[in-house]
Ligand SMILES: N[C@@H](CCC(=O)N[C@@H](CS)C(=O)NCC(=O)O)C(=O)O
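Just the one chain here, the form predicted on its own, laid out as structure tokens.
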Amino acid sequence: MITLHHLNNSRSQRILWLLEELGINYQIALYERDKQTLLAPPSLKAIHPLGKAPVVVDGEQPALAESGLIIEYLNEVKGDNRFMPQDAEARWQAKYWLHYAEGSLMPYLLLTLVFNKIKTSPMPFFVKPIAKGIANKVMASFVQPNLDTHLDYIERHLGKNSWFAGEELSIADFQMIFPLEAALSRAISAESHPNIAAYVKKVQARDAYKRALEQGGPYDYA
């Protein structure tokens, strides 16, 4: 039996979606973020030393971490490669977007979250203007331009493709949905990036995605 160690409002929601699409038996070990720090609870470190979600345990095998690896494992070992395209070009596209999500896109979304949090965090009144000024400068000169480049790139890609690897759902889509949901939540709008918005809406309308939400509990990005 597969166990998904699932943290609310986290990347593990996309693993729930994949499990539901594959239709395989699994169970959930649910963890809640600390309401003050928003960090995962220390109990997750008993499952994997980094204490992050998602983590998947399959029988006696060592715990698997990292969404990309988990997606590949579940698709190959439990899903008979159902979501790996047969066409060679589409297959490489699927692998590219699988790595791109965390390697290229998520760092800028994370930096956006961090610097926006700096601007609103409690601090002495005489420090606040300095901290806010630094945050605004870094966002304007580095983070936002790079984030815009990436999201415009994705917008153009989705204007030409139904799914990330072409015309069929693939491993890439399970990986890419989380950063795009996060982007729509705090970086872009449906008006500015209609193709991304339509893509996210299409994913969230799938029956398996809806079942994953029921299994995983509250998820702010949906």
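Bear in mind that the values here come from a model prediction, so they are computed numbers and not experimental data. From 1 onward, residues are counted along the sequence shown.
Form predicted in complex with the ligand: not shown, discussed below.
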Can you tell me which of 22-30, 166-174, 53-61, 189-197 lies within 4.5 Å of the ligand in the predicted complex, counting heavy atoms only?
53-61
Can you pick out, from 152, 87, 102, 76, the residue that has a heavy atom within 4.5 Å of the ligand in the predicted complex?
102
Interface residue in the predicted complex among 158, 184, 47, 40, criterion: non-hydrogen atom within 4.5 angstroms of the ligand:
40
Even though the ligand is not shown here, does residue 2 get within 4.5 Å of it in the predicted complex, heavy atoms only?
no
The ligand in the predicted complex - contacting residues of 1-25, heavy atom within 4.5 Å:
7, 10, 11, 14
